[in-house]
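For reference, the chain that follows is the form predicted on its own, supplied as structure tokens.
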């Protein structure tokens, strides 16, 4: 039996469309136990049980099966216990957490036959892009490129005392497919140049600690302006966060969650924003998160006892 902890992730980070992501301190848990029952049993111990399949269509099981098939591992029976604290279809990497959790759990049951790079490539293949699965697996802030044969990435550990990530999460869902459908098939050359420069500035600023650049660096012209029609109050929430001292504000992944990057010494931001949401926008809730520099990890492994 193995138990895996997997962090939430926030992708794009403004200018880094489909190429940047960060792991955050909100976690899902996957417990996997082999047995001789010849059956698959999936127990989801949270409210997501109302939405997620508990048969072979479950994303975590499908990800595990890819590992089993790849390594030739025979699993006669399997019990999965899932605890999902990452909100589904909110732009916080719930599907990537499922994929990574399944891949890591299966690899442990197989005897660690796959390397980290091999697990990452498989997870990115399942997800279709690496911006969420990379930080979910290895933690930290990552810049990622998916090639034909591998995922190339650079990981930077961010100091949780220096930066916090305030996640403003609404009570409505936004499917990634729907959020991608509003994006244009092509963009003006100037917009592409704008994002290339801003994403480079964002990466360099987070890596070197030049946090005063973040507000400029999260600027985007590839996706946020197109997606805001699907997210009521997005512009007003951006303005509010900046008024209250955010270093930078961006749409997390495909949305609808909005992330405000906040100085770690700022003791007022979360309290003030939460109070305004409670009084004026009750359909939004703030979660104060920190960078997770570990990524997916085994927190229990009875096979080694």
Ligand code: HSE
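Since the structure is predicted, the reported quantities are computational estimates derived from the model, not experimental observations. Numbering follows the first chain given and starts at 1.
This next part talks about the form predicted in complex with this ligand, which is not shown.
- This chain is displayed without this ligand, yet in the predicted bound form the stretch 130 to 138 from 130 to 138, 204 to 212, 98 to 106, 159 to 167 comes within 4.5 Å of it by heavy atoms.
- The contact with this ligand in the predicted bound form, taken as any heavy atom within 4.5 Å, belongs to 180 out of 229, 74, 149, 180.
- Only one of 254, 246, 44, 277 lies close to this ligand in the predicted bound form, with a heavy atom inside 4.5 Å, and it is 254.
- In the predicted bound form, at least one heavy atom of residue 11 sits within 4.5 Å of this ligand.
- Heavy atoms of residue 176 reach within 4.5 Å of this ligand in the predicted bound form, making it an interface residue.
- This ligand is not shown here, but in the predicted bound form it comes within 4.5 Å of a heavy atom of residue 18.
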